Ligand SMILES: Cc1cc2nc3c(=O)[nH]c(=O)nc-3n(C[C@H](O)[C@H](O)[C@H](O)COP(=O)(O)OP(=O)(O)OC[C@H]3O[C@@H](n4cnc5c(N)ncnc54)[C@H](O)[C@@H]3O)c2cc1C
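Have a look below at one chain only, the form predicted alone, in structure tokens format.
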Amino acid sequence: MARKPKPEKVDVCIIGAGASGGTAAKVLTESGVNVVALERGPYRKKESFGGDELANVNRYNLWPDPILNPRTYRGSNDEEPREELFCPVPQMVGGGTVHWQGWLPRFTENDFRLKTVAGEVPGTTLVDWPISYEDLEPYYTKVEWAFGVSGQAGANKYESPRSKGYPTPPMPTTNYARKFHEGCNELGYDSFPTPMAALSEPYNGRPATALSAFAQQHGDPTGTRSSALSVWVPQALVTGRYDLRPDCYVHEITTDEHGRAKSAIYQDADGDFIEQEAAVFMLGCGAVESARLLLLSRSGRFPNGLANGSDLVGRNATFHEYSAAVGVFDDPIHAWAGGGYVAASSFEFYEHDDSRGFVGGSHIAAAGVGIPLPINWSLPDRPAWGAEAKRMDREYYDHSFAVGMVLHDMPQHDNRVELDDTVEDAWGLPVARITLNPHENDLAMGRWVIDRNAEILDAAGATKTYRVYPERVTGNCSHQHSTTRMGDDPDTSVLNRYCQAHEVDNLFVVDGGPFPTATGANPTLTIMANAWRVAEHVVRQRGSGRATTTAGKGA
């Protein structure tokens, strides 16, 4: 068999074709930059998706197969790691946006300066971001209008200033969203339609989004939801400058004699190893896998991993934890109707308040009980089988909904992603080992917010409420951040404010890894806005002829 030829060197090589990599690819290619994208997973089309709940939710149709892609987890440095699929994200073209419900709230001004607002928190590495809400606001607007987001500007009274409204009105109100609003109104809390990655009416040549309960954890067979798969990737491909290579697993990034990133060594679908050179490399693999790839890229110049002279790659890892209060009602809720999690939100408990006894806050929203479908629906005290399980299914399935929260995980130096040299994946590479011990602040926040959520359900007329307090962080949101923090000081951060490695000036990270803190809101809108900002920076540097040679403070 003939050896495959080495491909030509390109302007930019993006590793990952999900929310962040897709955004960067769109911006770069539309600016005249030639891009190669190496995506570890397949390129699935909408025709391959469907409503098989067992396959999508309980098996691994969309999730990473833990036999092929294991991870290990431990609660502290003293514990023995155990194999656990901690914080998985779909690995395919489109990434996590393929299976998401698509809640897209903006962060607020104080998210970027929480240390200034709240002060030191013992035991944490809480810091302000090197950029502000004002720096990112133009890019929030660009993403919302290019991606297609439904929402109501001004409905969230705690939202920071915005320069433009949403391109389409909010999605239709569901029965349980109406109940949520009623409970909030009764208690005097502000609530608003959740900004969604969906179109409430035709927009920009696309039809309105088809509503279906088969949303969260399901691919979209209609292609009408907004996702990297349905929006960013097609827009990049139409430029003719986007060479998308699915089923290509990058093993390492090599460096040249000057310590700059030279090439990505990847294994294609045939199992052959290929070397792709590029002038610039951008990582959009998710905060866990981007850190892992940097740690795998060891050399004589970077013995602890690429851009890891500070030993900060993988440290300060943060994850969101989803938990909820659940209410049962006499009247039917029909939580299965109207599009699954399409719902309502509140930022009433989002901003920091000294009187609560903890730092930070959380976005809360109405949601289904587990998945709003028959197989995975449940209540906390429902037995797994038998006559009582059947009775509860009959009586409560159509009479329940939840008020969920996104737990703001405080950053800590020893919470980290490392390589576990004792466990290999199906390609023979060390897997990611997660060490994570939740801070007492996280658990106090979780208890307090869940109590408030239960009060909203009571005020909405619930006859019974369950309070599911988070006791540990399991990564059940798929939200992961902070493993390659951005900052102005190379001694305390991996990347500069443009997400450019302090130690490797042609290397950028554009997923959630650069986030210095997790915040209490869903991160993907901010990930995409930041990726857009970074991609424009790369285009400007390319145009100036500096070719990304300004790594370090003030770049």
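Residue numbers here begin at 1 and follow the sequence given. None of the values given here were measured: they were computed from a predicted structure.
We do not show the form predicted in complex with this ligand, though everything after this point is about it.
Taking Cys184, Val328, Ala454, Cys477 one by one, only a single residue has any non-hydrogen atom within 4.5 Å of this ligand in the predicted bound form, and it is Cys477. Site annotation in the predicted bound form: the residue of Leu114, Leu104, Ala236, Ala402 reaching within 4.5 Å of this ligand with a heavy atom is Leu104.
Of the stretches 282-290, 164-172, 118-126, 458-466, only 282-290 has residues with a heavy atom within 4.5 Å of this ligand in the predicted bound form. Heavy atoms of Ile527 reach within 4.5 Å of this ligand in the predicted bound form, making it an interface residue.
Contact annotation for Gly487: none of its heavy atoms lies within 4.5 Å of this ligand in the predicted bound form. This ligand is not drawn, but in the predicted bound form it has no heavy atom within 4.5 Å of Tyr350. Contact check for Leu379: no non-hydrogen atom falls within 4.5 Å of this ligand in the predicted bound form. With contact defined as any non-hydrogen atom lying within 4.5 angstroms of this ligand in the predicted bound form, the contacting residues in 247-269 are Cys248, Tyr249, Val250, given in sequence order.
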